[in-house]
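What follows is one chain in structure tokens, specifically the form predicted on its own.
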Amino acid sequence: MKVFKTLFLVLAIVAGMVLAACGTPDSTASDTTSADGKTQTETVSYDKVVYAYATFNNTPTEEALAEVEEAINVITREKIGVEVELMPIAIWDYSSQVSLALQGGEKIDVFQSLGDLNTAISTSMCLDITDMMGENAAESQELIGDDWLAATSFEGRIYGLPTYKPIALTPMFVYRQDIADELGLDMSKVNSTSDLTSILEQVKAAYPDMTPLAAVNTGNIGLGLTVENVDYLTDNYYEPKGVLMNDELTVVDYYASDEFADLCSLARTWYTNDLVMKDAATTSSTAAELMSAGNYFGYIASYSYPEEDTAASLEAQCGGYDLGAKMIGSAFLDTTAINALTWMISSTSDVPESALKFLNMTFTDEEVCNLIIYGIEGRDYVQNGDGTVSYPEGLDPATVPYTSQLSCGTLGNFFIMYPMGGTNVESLAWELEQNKNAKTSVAMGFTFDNSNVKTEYTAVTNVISQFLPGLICGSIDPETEIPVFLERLDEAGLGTIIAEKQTQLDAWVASNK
């Protein structure tokens, strides 16, 4: 397990197990001057909060991270009596690493969901924070509002704070503008995934050694979220287990749908024609890393910003290439769109109130929020004259000591983060309009409790992990493997999960008429 600071934590646990178990706060010595002019040393105690967050960027060194932590602690010691330890975890390892850490008794106080809030609630990984909100996070509660907090609640109790950002995600194709211009590609005509095939073929013909389409992350080439009008009913986007489709209130098997079959068929076509990376199902690289290498033309992902801003904000992360972005689908809002990125207090936290106070600061304190995202000014980023920021001259996201810029839409309050150079700061109005006007699910606000089907969830998840990456990345043949996949899902209990979802959904509909 690639746990950040593993050796340090193991040694600390072995050396101070009793103290750790008792939740002893950290202490900081400070000098004070008494009335007689003598210097006295005073020890002040602070609650220690471990903040675990997913990063799409390089994991920083311990030394680089320590400087960011201390800059944050200068603020938090004074304002909330807390010292924070940052725990950045690579996005592809995040969910499993946090789960294993909490099960093993490792100290994590604040963590985020990545589409699996209902699992965190049903398995008691997170605390009910309803009664702590008023005293420790009143500002965030007012900022986020009751409608969004309803999406992170169960049976009227609040279990987390959803990331406050533009949430109406729109599928886009992000691509090398320089290559598109060179080949005369008319990207204005690309309006769906099917329109991409000829574009990818032209790039491959002109650049035989280039792979036209990169993976977004492990087992994901971006096609999944291009299927429109799907409500995942609070499941992980990448592991749905019973969904609503096309504005119907009947829970169905997504993997048995024509839409899923068409998606897999398209992926297989791209794979067999060398239009997509061959190891997309297993790669540990992200789209930004792959694009930076210079051997990929583009990738598919969902963003909540205008096309021009999306491209501009990604250029530094993707090797400095001139990028373009083209919408290939429509925005759609369901409960998962709001609570997919929810910040929670772990049920094992020995300082839950302090943890919630710090979480509140990531939504309300501009300086703290930008320290987590960008690091140290002058070392990791520089301020531009127009209110935007850039990397220091000669440096980029791969070479600065610290950055989590690609996590800007996953933590805290997006609207108090510094925009990257090249973005249009006036686009916030567009983003808010997208949130307002995006099509909304007929089951908006419904949260599924999977506690009655935990065994089936585990079994079905294992089957999905075995088949889904290969199917949606094109490396296995959907003609032969989808029938096998469906059979294995049925054996694992997907039908039982769907029936339970339908029962809960029917009850929710009846109570919300």
Partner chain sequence: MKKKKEKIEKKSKLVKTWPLLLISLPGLIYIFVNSYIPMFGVFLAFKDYNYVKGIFGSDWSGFDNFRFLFKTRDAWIMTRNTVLYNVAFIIIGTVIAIFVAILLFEMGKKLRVKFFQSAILLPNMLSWVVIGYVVYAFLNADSGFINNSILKPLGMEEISWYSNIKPWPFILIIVHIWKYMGVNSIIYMASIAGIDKGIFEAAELDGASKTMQIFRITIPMLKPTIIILTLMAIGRIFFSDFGLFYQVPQNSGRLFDVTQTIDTYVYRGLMQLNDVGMSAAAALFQSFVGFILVVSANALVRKIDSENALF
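Note that this is a predicted model, so its numbers are computed, not measured. In this text, the rigid core denotes the largest set of C-alpha atoms whose superposition between the two forms falls within 1.5 Å. Residue numbers count along the first chain shown, from 1.
As for the form predicted together with its partner chain, it is not shown, yet the points below apply to it.
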With the partner absent here, would 235, 450 and 455 each sit within 4.5 Å of its partner chain in the model of the complex, counting heavy atoms only? yes
Tell me, yes or no, whether residue 370 is in contact with its partner chain in the model of the complex, where a contact means a heavy atom of each within 4.5 Å. no
Residue 50 within 4.5 Å of its partner chain in the model of the complex, heavy atoms: no
Verify the contact flag for residue 102: yes if a non-hydrogen atom of it lies within 4.5 Å of a non-hydrogen atom of its partner chain in the model of the complex, no if not. yes
Although the partner isn't part of this model, could you tell me whether residue 45 comes within 4.5 Å of its partner chain in the model of the complex, counting any heavy atom of the residue? no
Exactly one of 137, 277, 325, 110 comes within 4.5 Å of its partner chain in the model of the complex through a heavy atom, and that residue is 277
With the partner omitted here, the residue among 383, 282, 250, 265 that in the model of the complex has a heavy atom within 4.5 Å of its partner chain is 282
Among the candidate stretches 93 to 101, 374 to 382, 351 to 359, 197 to 205, which one is within 4.5 Å of its partner chain in the model of the complex when only heavy atoms are counted? 93 to 101
Along 97 to 125, which positions have a non-hydrogen atom within 4.5 Å of its partner chain in the model of the complex? 99, 102, 103, 116, 119, 123, 124, 125
C-alpha of residue 108: shift of 2 angstroms or more between the shown form and the other one, rigid core aligned? yes
Compare the position of the CA of residue 217 between the shown form and the other one after a rigid core fit and state whether the shift reaches 2 Å. no
